[in-house]
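Single chain ahead, written as structure tokens, the form predicted alone.
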């Protein structure tokens, strides 16, 4: 596929057909994705390919508390798990909040789930001392993760980057035998989408790009 088409049609897919995703196809996807940049070219990522249903079923109780809070806050009009704006949703409301049990079926029923970790011993966390949540370390793993999705799209497949299991990182590491210095970065279900979207809704360039300063003039839209 042409590059621009791949970038414009790679969407968050969670509903897949029953088509299998072979190790050969996964190998091709990762063979392309590995050319992503990383700090110092240290390539500190590690991918655990999970097909075993019992393991994927074990993911669900790890994800459920985060997913429950996410849905409750979203329903309350909040940005879930935000570190700037405090939540108004109480613990009692969370306990009473119910959601469809099959809302996490993408974890168990996807043809394959990739879990991606990054080695904290090789990344440069330049924002570690700042009084806010760290984001800079992600520059050494998320380009690789996005390349996985772009490469999957090129193979006629799809997936999505999910991070709901992050608060239970230690339990996930124990489940998959991952060392503690390998930080969880993403869980990616991969499969052939039931429906391939081709027209994605995104903000216009002028809405998020300014010249010279944050409050500078807006960059004009391309013709």
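None of these values were measured; they are calculated from a predicted model. Residue numbers count along the first chain shown, from 1.
Keep in mind that the form predicted in complex with a small molecule is missing from the display, and what follows is about it.
Visitor: For the interface check, one of 158 to 166, 47 to 55, 25 to 33, 171 to 179 should have non-hydrogen atoms within 4.5 Å of the small molecule in the predicted bound form; which one?
Guide: Among the candidates, contact is made by 158 to 166.
Visitor: Does every residue of 11, 14 and 200 put a non-hydrogen atom within 4.5 angstroms of the small molecule in the predicted bound form?
Guide: Result yes, every residue of the spot touches the small molecule.
Visitor: How about residue 144: is it within 4.5 Å of the small molecule in the predicted bound form, going by heavy atoms?
Guide: No - in the predicted bound form, heavy atoms of residue 144 and the small molecule never come within 4.5 Å of each other.
Visitor: Please tell me whether any heavy atom belonging to residue 106 falls inside 4.5 Å of a heavy atom of the small molecule, as the geometry stands in the predicted bound form.
Guide: It does: once the small molecule is placed as it appears in the predicted bound form, residue 106 has a heavy atom within 4.5 Å of it.
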